[in-house]
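Just the one chain here, the form predicted on its own, laid out as structure tokens.
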């Protein structure tokens, strides 16, 4: 049989190959409500071209989805976002961004499976959507840090005010960030890794 006319299956791109120095990898999930910037964070910090599963938002979602900010948002994640970042020459993080629309939250359990830790990304204009998110992580015993995405028109609060409003214990880190900026998003991940290290050293669990 002649296969000369068939398409050639491409091999892995150079950018997608793991660094030869990599010795360990960890799965991290980035969670939060609709429109808080999860896709943006994965895209800004990933050292490979991120995989996204965004679909165009339609009128069918009105009355079903949380459409906060939909005047400027035209697409939403329906499965996950995926990216990768090398924290050190030896440690690589695989990043999984969860869908924000509540009708897709059934996918979260699979994404949480095997996760070392999580980033809860919040928008201070809608703190109430964070409670279910953090509750799900606590139920599964996934340790997390909270990252406050700094939207230009969002109210600003002191960290301790946010800690009280979110009913978080003093040990859980809260950090401000700009999910659009690689350095800021990387700082969030480094905060999570330091938190996980401290838990490991003390033998504590979330």
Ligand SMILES: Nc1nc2c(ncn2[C@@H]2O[C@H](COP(=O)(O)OP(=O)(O)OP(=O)(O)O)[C@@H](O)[C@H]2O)c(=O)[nH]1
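Computed from a predicted model, the values in this text were never measured in an experiment. Numbering follows the first chain given and starts at 1.
The same protein has a further form, the form predicted together with the ligand, not shown here; the description that follows concerns it.
- Between 161 to 169, 44 to 52, 27 to 35, 138 to 146, the stretch whose residues reach within 4.5 angstroms of the ligand in the predicted bound form through a non-hydrogen atom is 27 to 35.
- Heavy atoms of residue 151 reach within 4.5 Å of the ligand in the predicted bound form, making it an interface residue.
- Contacts to the ligand in the predicted bound form (heavy atom within 4.5 Å) from stretch 162 to 190: 177, 178, 179, 180.
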